[in-house]
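Just one chain follows, in the form predicted on its own, and it is written as structure tokens.
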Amino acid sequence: MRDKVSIFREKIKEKKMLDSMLALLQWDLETQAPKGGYELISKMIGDLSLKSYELTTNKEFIKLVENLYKEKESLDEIERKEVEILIEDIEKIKVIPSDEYRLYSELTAKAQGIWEHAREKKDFKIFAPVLKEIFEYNKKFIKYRGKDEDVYSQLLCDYEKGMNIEKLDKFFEELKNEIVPLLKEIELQKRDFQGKIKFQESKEKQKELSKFILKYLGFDFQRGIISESTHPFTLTVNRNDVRLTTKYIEELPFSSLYSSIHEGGHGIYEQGVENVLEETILADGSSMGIHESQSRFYENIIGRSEEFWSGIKDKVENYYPNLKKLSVKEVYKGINQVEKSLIRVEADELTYSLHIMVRYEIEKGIMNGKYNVDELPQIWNEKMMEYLGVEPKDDVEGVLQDVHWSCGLIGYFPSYALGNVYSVQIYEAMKKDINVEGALERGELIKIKEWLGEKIHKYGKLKTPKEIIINICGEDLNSKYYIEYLKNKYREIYN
């Protein structure tokens, strides 16, 4: 048995090395590679992806994993979990022909450059052909699995185990029924809290503040960096090399601040995975919903709280001197103004999940054949009017604003909404153990980081989302806490 485990460990080490190389190429592609280099890097990504695929689908490796699975009770906890995950992953990937896998990897690598070009030209038609291919590949890959379950539900489950259309339809309906009436009440007030925090700030000052705020939250710059990209993201080479990006807009200085905090939540999670998991496939987040719960927790529950600003406002003034003339309450209300906005990443907490609903319904419609990719700008605009009462003036404000589809992340967007729900449940549990508000006012963010590290981060993928949330909260995913949190917070802000 130990000989089998030793061979298994060597194969996993080889796969992780390939995946780390892929991560570095992806980082280069999205942050600093010249456009002329996109084609070669895309081919390199395709070739390395194929090598990773071939390692995973090699008959000897599959036989080894299957044998270990049969004897999994003889394995330790970490080995057993790895084998269980691999059995599922192999079933999904081995049905995909190798040439299609390589071509799809190249396609999604090239697609990001095409997406950026389409944004520059403000023309979805440039991106539409490659997006069609991405959706068609996803449909095809899911159908190869030969399951009766709905195609889109299977994609959703890939990002959040146990998730499907029925559960998400119910969740979004509950959210719509509770939040839309509150949104209408707020609109009647026509209050402008945000005007006081609208000012210009140089990119250099924003960069300095981003680094300061990440250190303040607990991100370790000995094991991570922050750079710039068209769309903010977090990429992990390993727990000791976690890379964040943000985007700096001089007339929107709070945009970079909150995207940095959001990505910092992802980064702190990745850095917090226990060292013992580093050489395993478990050195990652439990699920995308749990991962987004950490970024949304730091961005909203921490970063948009009045107590956080009580503890940090005087420090932020060193970078944004315009804040000196404002009170903590004015800053708090300004960063929490409810507005029917066009851009998801700039949206307030109350309207944010409505943006996710738009994307969820579009993805579901394309995957089940209801919508055609060529019609997306029109469909997008109609749904934005239906749910948020705003209409984009061009494709950059509309269907081209997010990078996710160009990366092939079909089914990912609901993870943001699930992350919001998880984050509030986690917050309610945390308050029972530590004085969160007091820690924020005193700048003791280490207490919050340590609690999250002990309850969530250290486990990586060793525990499922359900195990994590039940261990912390005593119950499974429950949207009532999130809905009540939003209603209480915004009723108080808007009196």
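Predicted model, so just to flag it, every value in this text is computed and none were measured. All residue numbers refer to positions in the sequence shown, first residue = 1.
Keep in mind that the form predicted in complex with a further copy of the same chain is missing from the display, and what follows is about it.
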{"query": "Heavy atom of each of 28, 51 and 240 within 4.5 Å of a further copy of the same chain in the predicted complex", "finding": "yes"}
{"query": "Contact segment among 170 to 178, 290 to 298, 219 to 227, 67 to 75, judged by heavy atoms lying within 4.5 Å of a further copy of the same chain in the predicted complex", "finding": "219 to 227"}
{"query": "Sole residue of 63, 442, 35, 432 within 4.5 Å of a further copy of the same chain in the predicted complex, by heavy atom", "finding": "35"}
{"query": "Residue 454: touches a further copy of the same chain in the predicted complex, heavy atom cutoff 4.5 angstroms", "finding": "no"}
{"query": "Interface membership of residue 461, a further copy of the same chain in the predicted complex, 4.5 Å heavy atom rule", "finding": "no"}
{"query": "Residue 88 within 4.5 Å of a further copy of the same chain in the predicted complex, heavy atoms", "finding": "no"}
{"query": "Residue 149 within 4.5 Å of a further copy of the same chain in the predicted complex, heavy atoms", "finding": "no"}
{"query": "Partner contacts for 272 to 286, taking a further copy of the same chain in the predicted complex and a 4.5 Å heavy atom cut-off", "finding": "none"}
